[in-house]
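First, one chain by itself: the form predicted on its own, in structure tokens.
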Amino acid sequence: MAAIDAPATALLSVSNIEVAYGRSAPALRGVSLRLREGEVVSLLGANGAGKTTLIRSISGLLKLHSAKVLSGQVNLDGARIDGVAAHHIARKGLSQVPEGRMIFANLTVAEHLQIGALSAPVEKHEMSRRLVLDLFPALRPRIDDQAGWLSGGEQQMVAIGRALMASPRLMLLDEVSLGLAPIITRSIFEQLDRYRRETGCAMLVVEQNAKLALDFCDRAYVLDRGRILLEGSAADLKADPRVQDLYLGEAPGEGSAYTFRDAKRYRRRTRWLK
């Protein structure tokens, strides 16, 4: 999936943000990132690195998890949004697909789509619904079925469709592939890429499958214990021997200045792998 050009102006800007849960040590320590209009950026890192915390910091859901921003700030389209209620942030054009899907088992597919459209103008609802069902035709025959009866892949389509109903300018996607077969995951990412190209929607993606994430995104950040460890274009990170060894399961090529001894030291220092 090839990258597209994006203008230089930042749609999303996170500046030196520090976040803590209660009185525990900060989960994020001076994290900064930028995301431009129409751009896809991935967040990579081991469990506990701070990826979901960063997503919640942007979407306004930190308070639901007894956490708060201690310092720094988050700006969406030039306006500061840290501390702003989640429903107000949603109305500014941000949608989130949460980790674990967070669907309502007793609600139908149609009702989930209606919930997702609440922050969008009424005149856009039908068009958005047609778009979602065009992207995910498997949902058409299930539109009146309760979501609890759907397969895992179909439930993820519902979660994404719910987010798309708001016609977002920016989507936050947290572990879309979790619990899904690779063929289903690849299909979902292909449709997300299609949606991005057709609408210009920017995406910030947390993804456990590093290879898939780097195939999908334009740029990526690697988080480790609450800090940005690496950042760069998808192509540069794919070529980075540290990422190859620690994330992609590939060894550095012959003649590389980065040795296996270096890799072992780096693994001990970063503790990316459990």
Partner chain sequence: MIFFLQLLVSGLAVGSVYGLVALGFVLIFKATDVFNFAQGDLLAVGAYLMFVALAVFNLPVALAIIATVVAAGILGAMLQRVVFKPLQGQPLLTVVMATIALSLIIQGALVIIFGSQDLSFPRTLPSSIVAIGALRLSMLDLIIMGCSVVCVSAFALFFRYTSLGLQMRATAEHPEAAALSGINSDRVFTVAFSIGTVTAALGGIFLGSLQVVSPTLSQIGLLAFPAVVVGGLTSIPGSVIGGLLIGVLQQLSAGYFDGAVASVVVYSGLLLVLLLRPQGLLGRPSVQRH
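Since this is a predicted model, take the numbers as computed values, not measurements. Positions refer to the first chain, counted from 1.
Not on display, but discussed next: the form predicted in complex with its partner chain.
Residues Ile188, Ala235 and Arg242 are none of them found to lie within 4.5 Å of its partner chain in the model of the complex, as judged by heavy atom distances. Residue-level contacts in the model of the complex: of Glu175, Glu111, Asp193, Asp82, one residue has a heavy atom within 4.5 Å of its partner chain, and it is Glu111.
Contact with its partner chain in the model of the complex, defined as a heavy atom within 4.5 Å, holds for exactly one of Pro98, Gly93, Gly161, Gly72, namely Pro98. The stretch that touches its partner chain in the model of the complex, counting heavy atoms within 4.5 Å, is 83-91, out of 196-204, 180-188, 133-141, 83-91. Although the partner is absent from this view, Ser59 contacts its partner chain in the model of the complex, with a non-hydrogen atom inside 4.5 angstroms. A residue is said to contact a partner when one of its heavy atoms sits within 4.5 Å of a partner heavy atom; Arg227 fails this definition for its partner chain in the model of the complex, lying far away. Residue contact check for Ile103: one or more of its heavy atoms lie within 4.5 Å of its partner chain in the model of the complex. Within 4.5 Å of any heavy atom of its partner chain in the model of the complex lies no heavy atom of Met127.
In the model of the complex, Gln146, Gly148, Trp149, Leu150, Ser151, Gln155 are the residues of 141-160 with at least one heavy atom within 4.5 Å of its partner chain, listed from first to last.
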